[in-house]
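Next comes just one chain, in structure tokens: the form predicted alone.
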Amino acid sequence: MRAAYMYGAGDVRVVDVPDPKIQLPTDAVVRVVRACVCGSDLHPYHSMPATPEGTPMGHEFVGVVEDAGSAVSTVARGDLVIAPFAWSDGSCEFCHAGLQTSCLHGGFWAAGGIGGAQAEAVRVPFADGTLVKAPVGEDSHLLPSLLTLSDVYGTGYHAALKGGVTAGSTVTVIGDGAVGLLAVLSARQLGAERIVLMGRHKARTDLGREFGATDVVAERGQEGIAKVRELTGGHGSPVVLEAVGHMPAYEQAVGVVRPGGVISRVGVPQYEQAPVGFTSLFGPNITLTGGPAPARAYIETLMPAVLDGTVEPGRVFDETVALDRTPEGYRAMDERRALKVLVRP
């Protein structure tokens, strides 16, 4: 089959690899119907050391079950399924607590001998714990929105949930990428009254307004911080959702949060140290939370609104490429010509 591999920074190729097969009774093999390029895929795209064997890529997909092991009972051949970006057994203490990204026996796609989602098919460990059946066919117009449940919608929702967004909340979202925009959508769903979106790409922030942002701040640094504080009564934002992962975004979050407020981070941190001391978080009693979203825990919660058309998170996809053109999809996102690229095998 064909699959996208990264061989070093900026070097993505679509190559021939062996077809995935059932290895354990709890496995399923899923033919990928839709996948995508994630903003977090751009981190290795910028910095991965060159390797002769390459690394499979992609962690978001929906597809059709082609084969299932003898112990699989919740999905069957022909089912269209959503695969969250982490696979999990569904039975350990962390899965029961809704923290599937910390599953004792789970892992992540494109690692540990498990293939990536930017491919024609994937072997899914612990199919019963991982996959969620969707009541649509593979020709459904809802596939892009259902695909967001694999990661970016669940991640935006996780940011808002961990940030404590409730009816009447004032929220600032840092980042106008797909996760930031879906954090806006999620904050609106949870009842936020005022949502300030910090982003400087008009096409994206316009979509953010449609998703529920009440204000847009394009300025950065101290100018951006001052603008957000002005919009939030001078004291800052009670809830800040950081959806970027770079140090300037974290510093922006610290700058705009009010005393007693919450910073919820879901952008994958590209730094090891960040201010948490007396003058930054401790003194003003600021809570720092967030982390990798347990997307599996949120799929059943978020899917009904996708199915009935109440929300359209799939609007974050603004370019589609065939699998063999996946390298072009990476370039388009890296060059900011695309917000999020859909991949059709």
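From a predicted model like this one, the values you see are computed outputs, not experimental measurements. Each residue number is its position in the shown sequence, starting from 1.
Omitted from view is the form predicted together with a further copy of the same chain, to which the following refers.
- In the predicted complex, at least one heavy atom of Ser102 sits within 4.5 Å of a heavy atom of a further copy of the same chain.
- When contacts are judged by a 4.5 Å heavy atom cut-off, Val276 counts as touching a further copy of the same chain in the predicted complex.
- The closest non-hydrogen atom of Gly39 lies beyond 4.5 Å of a further copy of the same chain in the predicted complex.
- For the chain shown alone, Thr289 is a contact residue for a further copy of the same chain in the predicted complex, at least one non-hydrogen atom being within 4.5 angstroms.
- Listed residues Pro269, Pro125, Gly90, Gly224 were compared with a further copy of the same chain in the predicted complex; Pro269 is the one with a heavy atom within 4.5 Å.
- Residue-level contacts in the predicted complex: of Gly283, Pro49, Pro304, Pro52, one residue has a heavy atom within 4.5 Å of a further copy of the same chain, and it is Gly283.
- This chain is displayed without a further copy of the same chain, yet in the predicted complex the stretch 252-260 from 115-123, 252-260, 209-217, 140-148 comes within 4.5 Å of it by heavy atoms.
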